[in-house]
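Listed next as structure tokens is one chain, alone, in the form predicted on its own.
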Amino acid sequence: MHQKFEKIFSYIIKGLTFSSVMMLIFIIVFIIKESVVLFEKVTIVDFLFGKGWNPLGEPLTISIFPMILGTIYVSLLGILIALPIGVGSAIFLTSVLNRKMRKIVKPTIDLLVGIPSVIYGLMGLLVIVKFFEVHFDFSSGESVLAGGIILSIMVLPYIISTCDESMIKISEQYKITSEGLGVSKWHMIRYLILPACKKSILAGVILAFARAMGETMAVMMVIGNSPVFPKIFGKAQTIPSLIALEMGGAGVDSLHYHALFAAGFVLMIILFLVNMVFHYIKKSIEI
């Protein structure tokens, strides 16, 4: 009876796994199929490295180069802001707070993941964008910097959670020996815990960067959505926000419609390449 149950359970798991893989393949094939139509009229080079986005007017120009730069720029900015805060927060949780306080603070940080991105967008619009408008005399506070700040808040839990688990294990491993040798807590953090956590920090950056590049709503509400080359205090547009804003108005089977699918395909390839590069870097680090 027990073996029969295990066999049925095994078939169910295999079936679910197969369904997930097939679903992923179907999505990829569908996006490629809808994207290929565009490249019969626009070359891949022009689409990727052209100068403008005007799929409805004259002259017709369909290029997502400014949006590719905008996506990478705002994501990197978000990671640059979030990384020191995330690592510092993980150190604070593992090495400063006692166990009782940690059990209260850690779940609170994890809750940040569950907040809908539109709430982050509203906060960004009402607080960050307004702050830039009032205190820095910006014509409009919507900017790449505002998008980077919002993204940094959104990706913080990914970095903190990834680093936190490793730091606890490493801290437990070295704590007794360090205390026995009279090594201070901060010396142990600087020379033992942080070097041993390189792999975890990098893994957190991978998760956070992938999350940041795919974010749509919150960034769309604070970045200005102008298909121009991004500057830190200027407006820009990301690929997800381009698709979200224009897909509803694009006529089915129009060049505009297929261009948006092609933009989604490019975003998918960029994410794949980023994960490959980071995976290679992670493997090359000796811990």
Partner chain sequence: MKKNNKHIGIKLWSSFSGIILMILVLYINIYIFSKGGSGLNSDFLLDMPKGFPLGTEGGIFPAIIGSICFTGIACFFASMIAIATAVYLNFYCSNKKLCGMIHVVIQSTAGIPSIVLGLFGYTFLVVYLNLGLSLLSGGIVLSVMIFPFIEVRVEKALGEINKELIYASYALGISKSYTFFKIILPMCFSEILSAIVLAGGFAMGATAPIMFTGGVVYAPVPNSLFSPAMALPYHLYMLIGEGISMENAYKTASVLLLFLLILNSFGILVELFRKVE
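Because the structure is a prediction, the values reported are computed rather than measured. Residue numbers count along the first chain shown, from 1. Each form is matched to the other, and the largest set of C-alpha atoms that superpose within 1.5 Å is called the rigid core.
There is another form of this protein, the form predicted together with its partner chain, and it is not shown here; the text below is about that form.
Only one listed stretch (240-248, 63-71, 50-58, 227-235) carries heavy atoms within 4.5 Å of its partner chain in the predicted bound form, and that stretch is 240-248. In terms of contact with its partner chain in the predicted bound form, the residue from Leu192, Leu77, Leu202, Ile109 that brings a heavy atom within 4.5 Å is Ile109.
When its partner chain is considered in the predicted bound form, only one residue from Ala196, Val127, Ile168, Ile206 comes within 4.5 Å through any heavy atom, namely Val127. Using a 4.5 angstroms limit between non-hydrogen atoms, Glu34 touches its partner chain in the predicted bound form. Its partner chain is not drawn, but in the predicted bound form it has no heavy atom within 4.5 Å of His135. In the predicted bound form, Ser89 approaches its partner chain with a heavy atom inside 4.5 Å. By the criterion of a heavy atom within 4.5 Å, Trp186 is counted among the residues contacting its partner chain in the predicted bound form. Looking at 145-166, the residues that come within 4.5 Å of its partner chain in the predicted bound form, counting any heavy atom, are Ile153, Leu156, Ile160.
When two forms of a protein are overlaid on their rigid core, residues whose CA moves 2 Å or more are considered shifted, and Val274 is one of them between the shown form and the other one.
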